[in-house]
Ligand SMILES: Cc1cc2nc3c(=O)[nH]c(=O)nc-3n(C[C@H](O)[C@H](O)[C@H](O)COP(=O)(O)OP(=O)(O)OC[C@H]3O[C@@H](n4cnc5c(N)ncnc54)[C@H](O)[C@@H]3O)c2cc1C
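First, one chain by itself: the form predicted alone, in structure tokens.
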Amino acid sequence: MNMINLPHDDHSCGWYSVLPPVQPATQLRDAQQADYAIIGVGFSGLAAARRLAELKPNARIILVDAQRVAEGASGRNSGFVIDLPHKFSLEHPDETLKQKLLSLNRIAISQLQRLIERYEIDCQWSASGKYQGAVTERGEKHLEHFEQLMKNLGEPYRWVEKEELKKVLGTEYYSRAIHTPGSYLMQPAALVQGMGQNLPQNVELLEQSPIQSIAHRDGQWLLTGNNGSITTPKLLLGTSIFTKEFGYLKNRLLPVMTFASWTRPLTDAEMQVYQGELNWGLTPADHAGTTLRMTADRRILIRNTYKHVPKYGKSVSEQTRQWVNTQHQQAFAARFPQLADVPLTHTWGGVYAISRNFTNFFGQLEDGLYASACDNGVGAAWGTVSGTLLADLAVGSDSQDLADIQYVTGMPSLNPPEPFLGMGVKFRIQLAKWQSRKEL
């Protein structure tokens, strides 16, 4: 099983660019033996490694990735850790499923907060909640539907009208919003890097060490890289969309990239013109709309534009990135015309896995092989709790939380064959963009 398409870092991620320099990576060399091996240093892999170390303090645990910690998708999101179930899950008819998802997400948030406090990780962590904003009547109808879902779930929320919203956001672009209090904001690359720098002593982190193939022989998993190998009886995959490169869930995951751009920090003079608050996050009422952030260090972030990326980062050219930057500049200027001359200094994409039935996979793939894959675009909380519980599953530990995650997960549905899959995904993205054009 050769890994054909590796992660491809475009070195354009704003979050990662502002991190302090790191020490050279320790890479995979020679033949290594481990009690447990984990591929992937995102939220899922880091959580799995930490939990394994707690459960098996005398075990040798190797955590390996093709990139540096925080270079991948976990360090490229918009910086939300959301407690509420995903929008599609909120509409699920099974009320028990929604309550279990809510509980699992909140377990993840508590877990992350403990780690941030324990290791003093400087990642702009804050309990700011989240705004869901509407631009037009279409968006407001989505908000009214969201309100009903919140009532059904029994969760707190409040309406924020235009004038109050303008004082927070520094723009009158949005007509109304609903604020929910349970979400947290953070600097994702700083959080992920901080967790990677504070792993338990029995976890060995190997970076810039792509695993080219995995094979099962005589009760052992053999992981083969360019300059070394790892043999282990238990292998955990925190590889999200890349799981299919190892031959698993191959026709069930869709690789989608969403793009963000941000400004440099606003100057004092620009802050006087802006007149809004710092440190807030807004997601669109219409799911194909624009996500907006104002960071604690005065940067405004715009995220929209989706692309089907069968070859991940290599599917995106510099020309495409420049086009996305232009689209984001237009969206930024529409919201903040008083700041239209402020440049967007970085434009980047992050790849995530979605499934056609919006189902997350969690569980055992083969003897000694476990995976959490397909976050459906809500990776920070889901990756944290699923990685933790995947470690529990791998060692045979039982708990109500493990039962809950098994209740809410399943098998992603099969995709149509190519070229029909690519054509269908592109059509759906373009249709959603057209339908949501006034909310962009």
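Bear in mind the structure is a predicted one, so any value in this text is a computation, not a measurement. Note that residue numbering follows the sequence shown and begins at 1.
Not pictured, yet referred to below: the form predicted in complex with this ligand.
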| property | result |
| --- | --- |
| In the model of the complex, segment of 394-402, 53-61, 408-416, 34-42 with a heavy atom within 4.5 Å of this ligand | 34-42 |
| 4.5 Å heavy atom contact with this ligand in the model of the complex for all of L101, G182 and D286 | no |
| L390: touches this ligand in the model of the complex, heavy atom cutoff 4.5 angstroms | no |
| Q193 within 4.5 Å of this ligand in the model of the complex, heavy atoms | no |
| Distance check, L235 to this ligand in the model of the complex, heavy atom within 4.5 Å | no |
| Y352: touches this ligand in the model of the complex, heavy atom cutoff 4.5 angstroms | yes |
| In the model of the complex, the one of Y157, F361, F80, F336 near this ligand [non-hydrogen atom within 4.5 angstroms] | F80 |
| Selected contact from T290, S209, S89, S128, since only one has a non-hydrogen atom within 4.5 angstroms of this ligand in the model of the complex | S209 |
| Residues in 61-91 close to this ligand in the model of the complex, defined by a heavy atom within 4.5 Å, in order | V64, D65, A66, Q67, G72, A73, S74, R76, N77, S78, G79, F80 |
